[in-house]
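Heads up, the chain below is alone and in the form predicted alone; it's given as structure tokens.
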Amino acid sequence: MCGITGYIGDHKTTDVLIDGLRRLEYRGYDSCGVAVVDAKNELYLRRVSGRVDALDELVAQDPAKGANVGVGHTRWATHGAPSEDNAHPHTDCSGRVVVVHNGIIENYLDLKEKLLASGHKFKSETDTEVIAHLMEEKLKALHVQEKAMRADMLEPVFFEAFRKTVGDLKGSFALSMVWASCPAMVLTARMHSPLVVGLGKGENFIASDVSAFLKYTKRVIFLNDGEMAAVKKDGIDFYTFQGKKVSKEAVTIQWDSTMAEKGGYKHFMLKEIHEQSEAVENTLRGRLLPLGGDVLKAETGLAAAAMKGFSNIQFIACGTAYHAGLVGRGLFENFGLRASADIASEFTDRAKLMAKDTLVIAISQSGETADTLFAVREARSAGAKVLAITNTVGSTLTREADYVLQTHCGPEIGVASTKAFLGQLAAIYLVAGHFAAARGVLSATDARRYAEDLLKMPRLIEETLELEKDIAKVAEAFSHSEHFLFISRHINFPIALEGALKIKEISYVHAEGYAAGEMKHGPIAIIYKGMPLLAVAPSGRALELMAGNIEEAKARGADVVAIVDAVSRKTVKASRYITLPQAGELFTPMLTVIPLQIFAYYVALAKKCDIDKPRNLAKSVTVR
């Protein structure tokens, strides 16, 4: 996520930038900063570790003089722990080129090695800083004589160096750059990360989303992937990465600032449900191939050779993350590796019995979940190695684990977890695939097929999200129900648990999730005529058994909603269907959970519940 602001015009630039950062703070709150070019054409840079209010106080103590161009950033850490040094904006060695960036530069290690060899000095741990130094190299290659040239003569040089810099980057990015020697222009570019410009009179704006500048203008132009913009006070020109000029139409935004923060969605939860494709794609990007090789070693420290030495996998987590761990257990067991999943708060005694060849996989969105941290300490005391899967760089869990795999989901504002869960699943599928390939469980051909199937999931997630209106209608039909049952089998059993948890969290109704095979062992007794039962029944080895369980529930009066695909729909008989895209059986949990999230959302909406801040719940549980 992270938040970018940019401005060029006659208002007090730091005020505009900081006001924009306040409106974008929901996108990241580890650290923040602003950089402007002052009246002497010097760069004024202020950064803090912490919130925007602290930055505002710092700037007020020593304000910039005469600035009319600049950029700002509020950070959600992906490379490097939250700190002032790692805060954006970042500069080159000269201190005159400055950049802000959202996204992930996949080839930053290769770029950094080359830049270090050329004598560049780095001040941060971030991937972003390579962009500033790379720009410095491109300017050198163009033999720029800054002091001998007027600022307007430097504009085409600035543009060409920027274009060449962007061309060397691989990954996802939205970035904006200012050069103190050329203060009449801000350059910006987008690839797989949102970026928008705002059109004013005698001033223009840049931001990650429109909420940053809605108080100044509602006329905007959205950049597409592979596009750049040269932004000046009196106009904006748009280009492809190849330098070809393109024309773009402005649109007028009708949202208010609150809706803009939510991307036009009514609630953060719904927005985050729709960000799940991006969360999965970002978590997988650059980490998958070659499957079974050492692609994860540089980032996590976990080498393929080490994977061969573990005989047991132990997942520990709480709440939604525990359900991700249960999916992980089924996935690893499918590959023939013993695996267990435990609720972290109940792990103490099991920790004492663990073999030393156990890899503990601890899952926590925040990295600060108290019970999970306590369980990690117990596991390490017993001699186990720990792999942390978390969405928060620099969290306590990342400092206490032996290996760390970051999900790249961005901040999750809604208390009920959605995109963080999909990010956790993506990370687990990633690790499981590497384990299976490294241990020879998957042949080279099967490993390639597994990777290809996993890489299809973001697109299939997008197709599933297109079913929102249909799912909303089903939810509306059951919005007055006070009792729900969710059932499934095998690798989708945890999804039944997650579906029940979601509707409990935000709708405040009674819901139970069960392994469908357990129905006759008690739960079938609570079924009454008209009781909603959501059955997760995609194609797979358990389909015939699931179809039988559904028939048993229908015979006792249940009103069944079946989560199916085109193949399984031919076998399952229900009163209502939600038909998902076809996916391999192992990967179906990444799709089947989505209609249950949307279903819970629309039931809660009909009940007028506080969806983003459900009663009695907190986003991060930091006490035991």
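So that there is no doubt, residue numbering starts at 1 and follows the sequence shown. Note that the structure is a prediction, hence the values are computed from the model and not measured. What we label the rigid core is the largest C-alpha set whose atoms superpose within 1.5 Å from one form to the other.
Unshown form predicted together with 2-deoxy-2-amino glucitol-6-phosphate; subsequent notes refer to it.
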| item | value |
| --- | --- |
| Stretch in contact in the model of the complex with 2-deoxy-2-amino glucitol-6-phosphate, which is absent here, among 412-420, 432-440, 223-231, 113-121 (heavy atoms within 4.5 Å) | 412-420 |
| Sole residue of Thr358, Thr320, Thr165, Thr126 within 4.5 Å of 2-deoxy-2-amino glucitol-6-phosphate in the model of the complex, by heavy atom | Thr320 |
| Sole residue of Gln276, Ser364, Thr283, Ser208 within 4.5 Å of 2-deoxy-2-amino glucitol-6-phosphate in the model of the complex, by heavy atom | Ser364 |
| Within 4.5 Å of 2-deoxy-2-amino glucitol-6-phosphate in the model of the complex, all of Thr369, Gln424 and Lys502 (non-hydrogen atom) | yes |
| Partner contacts in the model of the complex for 453-470 (non-hydrogen atom within 4.5 angstroms of 2-deoxy-2-amino glucitol-6-phosphate) | none |
| Residue shift check between the shown form and the other one, rigid core fit, Tyr26 Cα at least 2 Å | yes |
| Distance trend in the model of the complex - C-alpha atoms of Arg27 and Asn282, change of 3 Å or more | farther |
| Direction of C-alpha distance change in the model of the complex, Arg27 to Glu463 (at least 3 Å) | farther |
